[in-house]
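The data below hold one chain only, encoded as structure tokens and taken in the form predicted alone.
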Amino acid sequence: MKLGRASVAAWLVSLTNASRAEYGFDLPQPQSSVAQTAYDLHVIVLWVCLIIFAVVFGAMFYALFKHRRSLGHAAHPFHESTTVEVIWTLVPILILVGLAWPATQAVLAQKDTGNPDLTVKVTGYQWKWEYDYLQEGVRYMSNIATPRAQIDNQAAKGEHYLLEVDEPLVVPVGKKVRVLLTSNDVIHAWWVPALGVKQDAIPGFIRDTWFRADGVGTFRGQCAELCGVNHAFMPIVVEVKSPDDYQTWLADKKQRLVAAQAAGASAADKTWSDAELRARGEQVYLANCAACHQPDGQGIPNVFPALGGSKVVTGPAGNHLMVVLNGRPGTAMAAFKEQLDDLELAAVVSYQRTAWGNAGGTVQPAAVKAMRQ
């Protein structure tokens, strides 16, 4: 019985699927057409390599065993064979062309970002992601949610250690999602293996990729570019929902964002006590600053400066606030004016100025609002 190329490929893939089910190791289960194509190519190339290995080394070991000196065989001089040279030149060429054809089709499919159902701009920061639904007016930050106690080995590791976030990217199932990628500081890479998507986020450039999830579920990934000391602490979580559940989530998200903006606006006009600012500021600091400057404010020597006793932190509040708002160009100190609201900025600056023995005093949200303007 003769088998076509597609039948052979399907048979090879089925063998690997059976192996994966039995032994529990392999690439992640594909959850999109692009991921499935990449997985199928991986399997086919793996079997081609295995066949080449078996043929080449099988012939070599057979010759060594059957024609060894102990059986009375003697070495004979011989000259090149044009036929053999043509064969071992043509065979690799045919193999490479045979593999290049489906690989090229897969790459072209990966780059086809046209006619999306949804477009999301993803911006990488050290060390978090920002998701901006351009057609919906929804924008939010996604931070790692693994408790600090687990990271510091003070508590048992959770099931999704370093792969959990406070705000995942939410998309509808079966819809083509175009992802526009850029970075605010250094090169990052947005990578979700199960969805077959991986693209670098480069400062000053907009690059794009796409995916279409085949089923609902939660799929996890990470930054795949060495982007700094906390590279391992910027996970990616994509939640794929049914169309109805997605619309429900979107409506709720819009309401919560509007409420948060209203609360932030009113907070800027309220006078907060020092205790309230310090308490809220500690939460903001642990979520946004502790990765670099450390929870105890002592920083990392020769990498990130200590905040305890810092001239900036203990100096004029306006200078301190300016650094937090706009960052320091050319350094890892990012600008937080887009990431935090007036209350959060005032709180974190107040916490820094009153913690670790500092006596710089607190800052009200109204001062932040005025400086923004």
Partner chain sequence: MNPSMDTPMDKPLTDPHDAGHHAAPAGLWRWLTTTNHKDIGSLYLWFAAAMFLIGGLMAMVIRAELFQPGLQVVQPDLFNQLTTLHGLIMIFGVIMPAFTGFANWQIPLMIGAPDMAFPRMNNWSFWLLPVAATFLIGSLFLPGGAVSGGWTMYPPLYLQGGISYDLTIFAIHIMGASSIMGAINIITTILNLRAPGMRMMKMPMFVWTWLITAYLLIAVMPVLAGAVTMLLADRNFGTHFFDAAGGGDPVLFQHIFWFFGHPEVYILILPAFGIVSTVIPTFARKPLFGYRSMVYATASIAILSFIVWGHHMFTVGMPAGMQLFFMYATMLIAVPTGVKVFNWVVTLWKGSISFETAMLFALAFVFLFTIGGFSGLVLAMVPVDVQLQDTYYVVAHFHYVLVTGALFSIFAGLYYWLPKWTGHMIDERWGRWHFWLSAISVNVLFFPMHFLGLAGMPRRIPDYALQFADFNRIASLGGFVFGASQILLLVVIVKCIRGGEPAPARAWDGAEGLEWTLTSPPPYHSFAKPPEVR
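Rigid core: the largest C-alpha set superposing within 1.5 Å between the two forms. Positions refer to the first chain, counted from 1. Predicted model, so just to flag it, every value in this text is computed and none were measured.
Just so it is clear, the following notes concern the form predicted in complex with the partner chain, a form of the same protein that is not shown.
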| property | result |
| --- | --- |
| E85: touches the partner chain in the predicted complex, heavy atom cutoff 4.5 angstroms | yes |
| Exercise: G196 in contact with the partner chain in the predicted complex, heavy atom 4.5 Å | yes |
| Touches the partner chain in the predicted complex: K311 (any heavy atom, 4.5 Å) | no |
| Partner proximity in the predicted complex: N288 to the partner chain, non-hydrogen atom cutoff 4.5 Å | no |
| Contacting member of C227, L169, L277, A213, with respect to the partner chain in the predicted complex [4.5 Å, heavy atom] | C227 |
| The unique member of Y246, Y140, F233, W272 whose heavy atoms fall within 4.5 Å of the partner chain in the predicted complex | F233 |
| Contact at A35, A100 and N153 by the partner chain in the predicted complex, all three, heavy atom at most 4.5 Å | yes |
| Stretch in contact, per heavy atom within 4.5 angstroms of the partner chain in the predicted complex, of 71-79, 253-261, 236-244, 279-287 | 71-79 |
| Stretch 93-118 - residues with a heavy atom within 4.5 Å of the partner chain in the predicted complex | I93, L96, L99, A100, A103, T104, A106, V107, L108, Q110, K111 |
| Flag for H42, CA shift 2 Å or larger between this form and the one not shown after aligning core | no |
| Large Cα shift (2 Å or above) at K175 between this form and the one not shown, core-fitted | no |
| C-alpha of K254 off by 2 Å or more between this form and the one not shown on rigid core | no |
